[in-house]
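This document starts with one chain, in the form predicted alone, laid out as structure tokens.
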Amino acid sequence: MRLLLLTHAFNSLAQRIFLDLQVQGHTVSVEFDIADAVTEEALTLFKPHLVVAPFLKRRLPEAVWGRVPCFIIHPGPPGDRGPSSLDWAIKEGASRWGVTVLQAEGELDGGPVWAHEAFAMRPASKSSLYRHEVTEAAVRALGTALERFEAGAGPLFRPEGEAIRARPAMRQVDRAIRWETDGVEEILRKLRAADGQPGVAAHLFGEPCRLYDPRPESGAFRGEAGQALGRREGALLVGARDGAFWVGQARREGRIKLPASQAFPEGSAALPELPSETGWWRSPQDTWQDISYEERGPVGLLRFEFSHGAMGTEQCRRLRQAVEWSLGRPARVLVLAGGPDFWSNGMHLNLIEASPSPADASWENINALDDLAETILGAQDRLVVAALQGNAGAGGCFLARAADEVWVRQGVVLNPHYKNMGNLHGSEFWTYLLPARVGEAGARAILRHRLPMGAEEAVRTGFYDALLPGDPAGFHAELARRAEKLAGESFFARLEAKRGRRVADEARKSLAAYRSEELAEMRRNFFGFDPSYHVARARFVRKDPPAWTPRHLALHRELGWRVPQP
């Protein structure tokens, strides 16, 4: 079928559905929901059999749903209505939730149900649940709905009576933290329900702000409720009436979102630094720690969980130190495990945007990423695996390729390109690493593509090495099995072959030469006359709404597009 993906933004769910529909053989084009007239024009040009809407912020007009069947993906069970469905479920502590595919009609979320999937809730942020449970349930439910639609079957049912639960948009008054009465668990639910957007309005250091990225802390910290008690690697520990919790990010009024301590540099400087008691080792306590290490026999796992996968200069330097420290351990195999939501998305664009000189900050950040990649490439006495449980983009995709093996979870979405960020050239030794895996033509195709790549395609093309199960338990079990096998009988032969390749490659062209050539191009991006990167970065950081749909997404707006004849 010809399917028009109508979405407010090309977010993680829209990208995953875009990829899955293409794999199923459908012709898919994307249109951003900018204006009714633009959507109607897309219908005229593309003549879709069906519109699929994974992420909307407004009601579709009758001129659209009355013309073409429209499937709305709603992050709630059948009968649930309203724009804050998942927010309410998290805040109220629901144990189970779901996703419904319904057909658009006049009443918001009031159309007939074509499919629905349920899932168990876990104590996680809205953005994390959205990327995992909601996305997987949406993919399954949409698949069922499309099968019914293609078979000529109708919807399953229309919720009526007591099955309907309409709730309003959640307001800041609904999210407000009541410091005198709310305990840590209640505060965490409120913050998790607002994570990503819109955050929870509060005050820190006497200034109004929004709080994001909450983490529990079960240690013995006590202090005045609502007051910052200490800092750790960008996060702030905030007191509550019955304990404390971590806030990873904050946004002051009129400014952009930043790591919490960097959003309030003056106030944070007066707070004590609270390092983890166990250093890089994974703490036995339930505490916030963005880099941690543990050993399982011959395998060492280095986890790094940076918010939204963004890696600033200091984060890159600390991770490089952790990698160097890990290489001093006796483990034969080092697994760079990233975090559950993201492996890495490369440079920290918000920190760069907030700096006095974004060009200089960009230069520092890319050099810190290159230093990290070079450290990984230089690990010649063990095998290094990048294990991607979460999504990756831009420089993060190529940083992973610096490892000897890259294993990726089924369902992960990759964006291995730089051009969408103002035609950046990119670094992280991609000019050395990528052609060796996919050839010169394949490398050019990946960098030019500007579209998301699924985990299956990454492995099929040779960009990555192995596809691991999509469910978390299966992923971790297979990761452990493969890593232990890698550390087994063939370890020394593989290690010798690795050393031989590195020596031969260095003799042909040094890593220093690759790095110098890449950085020369990046210097032009950062300091040259073309401001494209700086304009794109500012728009990205400030979440400027799109004024048009990019041509690489809108197939129907390509020159020469014609509806295929049956």
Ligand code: COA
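Fair warning: this is a prediction, and the values are worked out from it, not measured in the lab. Note that residue numbering follows the sequence shown and begins at 1.
There is also a form predicted in complex with coenzyme A (COA); it is not shown, and the following applies to it.
The stretch from 195-203, 215-223, 326-334, 435-443 that comes within 4.5 Å of coenzyme A (COA) in the model of the complex, counting heavy atoms only, is 195-203.
Not one of F18, V412 and P469 comes within 4.5 Å of coenzyme A (COA) in the model of the complex, counting any heavy atom. The closest heavy atom approach of T549 to coenzyme A (COA) in the model of the complex falls outside 4.5 Å. With a 4.5 Å cutoff on heavy atoms, F540 counts as touching coenzyme A (COA) in the model of the complex. Though the partner is left out of this view, I376 does not reach within 4.5 Å of coenzyme A (COA) in the model of the complex, counting heavy atoms only. Not displayed here, coenzyme A (COA) is kept clear of Y464 by more than 4.5 Å at the level of heavy atoms in the model of the complex. When you look in the model of the complex, the only residue of I90, A394, A403, L274 with a non-hydrogen atom within 4.5 Å of coenzyme A (COA) is A394. Scanning 253-270 for heavy atoms within 4.5 Å of coenzyme A (COA) in the model of the complex gives just one residue, K257.
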